[in-house]
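Take a look at this one chain, the form predicted alone, written out in structure tokens.
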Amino acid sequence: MKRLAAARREVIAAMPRIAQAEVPLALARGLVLAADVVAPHPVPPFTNSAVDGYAVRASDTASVPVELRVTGDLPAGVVSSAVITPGTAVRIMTGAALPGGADAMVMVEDTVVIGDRVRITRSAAPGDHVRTAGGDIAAGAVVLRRGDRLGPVHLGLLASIGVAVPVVSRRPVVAVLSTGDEIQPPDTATLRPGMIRDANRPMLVGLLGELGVEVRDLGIVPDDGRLLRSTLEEAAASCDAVVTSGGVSMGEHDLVKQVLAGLGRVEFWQVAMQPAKPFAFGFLGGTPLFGLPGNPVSSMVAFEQFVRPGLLAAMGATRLFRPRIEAALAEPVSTTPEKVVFLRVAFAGPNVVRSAGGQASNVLSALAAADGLAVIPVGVGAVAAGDRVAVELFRADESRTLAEATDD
């Protein structure tokens, strides 16, 4: 069997890079920057007020209460040529440029208006409630790095420096299909004996959508070699990657193996992991193919360990894997020491996890109830209650590089 870390490295190293494109911010969420982004100007671009209140000379407020003459009213978006002189103040709104001569702001809550004067009831120190030009980002600073994947906050950051069309890896197109005569659509009202509904495909479509790729849902392909072959050939010709579920184990009737063997350079692996030991990876022409196991939990775990990091690597991302934390197991468990074992766990308290339910590879309900996967490494056959384990948080964005994920 292949070690999990070695199998992941092989997949990631083999993935072809997705081409670059210029994409508007509105369409860039989830994509990966193809070049560093440098701020063309400081942020904020000018020194401004962080509060509604009065721009003052801090020295005028050293002894309070004190009354200052109000010489103007400055809304946001207006730049005044007025200069604060001793004994004066200007009423100013949040975000408005600080007038000359002012070095502090007094919040409106700390003032009382008396005709054309304002009584200051709290002293201000230089810099109070003032946002200086470049206080967030200096002109010329590297704001985001090549390989960063863009989330909503990154989009706002790019907008703040005028980068409306970032250079990114274009959005990959990924085909998804389920295989098997026993697999029926989710809306099947009554299942015939021996039939099951397709849980894998909706789950995989959701995982791919979360990753930010464009999904081509090819539905369910029955155990028909000619139809499966033509479906895979068409998918490989029009997509950046193909993901299948089912038909990659050691059974004689696993048709996917037979078809793939005649189509491209595809290897069928047994990976030292549980669940998801059977796995296929290779190329149909130049298009990567991921053959995931048919059991739904195995399919999800294989996606997390191979498909997700593989696609992120193809997009040029530097962080490929979900974050891991350390937590104590609330109960003892026995595992298979020859494999990396992924246990579905839920938080039972601060840094304490418990089993989320049944651990068989078909028990999807426990995966739905889980907060993460407790990772029991090779060589560990038993974990006592209270022992600390790594927990992979599969509901969190990726944070680990390939170099940080070589311990399995």
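Sequential numbering from 1, following the sequence displayed. On a predicted model such as this, the values are computed, not experimentally measured, just so you know.
Keep in mind the form predicted together with a small molecule is missing from the figure; the text below concerns it.
Listed residues G294, G291, P166, G310 were compared with the small molecule in the model of the complex; G294 is the one with a heavy atom within 4.5 Å. Site annotation in the model of the complex: the residue of D136, D128, E182, E304 reaching within 4.5 Å of the small molecule with a heavy atom is E182. Taking the partner from the other structure, the small molecule in the model of the complex has no heavy atom within 4.5 Å of any heavy atom of D240. Using a 4.5 angstroms limit between non-hydrogen atoms, V143 is distant from the small molecule in the model of the complex. Using a 4.5 angstroms threshold between heavy atoms, V205 stays clear of the small molecule in the model of the complex. Put simply, G247 is close to the small molecule in the model of the complex: some heavy atom of it is within 4.5 Å. Contact with the small molecule in the model of the complex, defined as any heavy atom within 4.5 Å, is confined among 321-329, 91-99, 257-265, 172-180 to 172-180.
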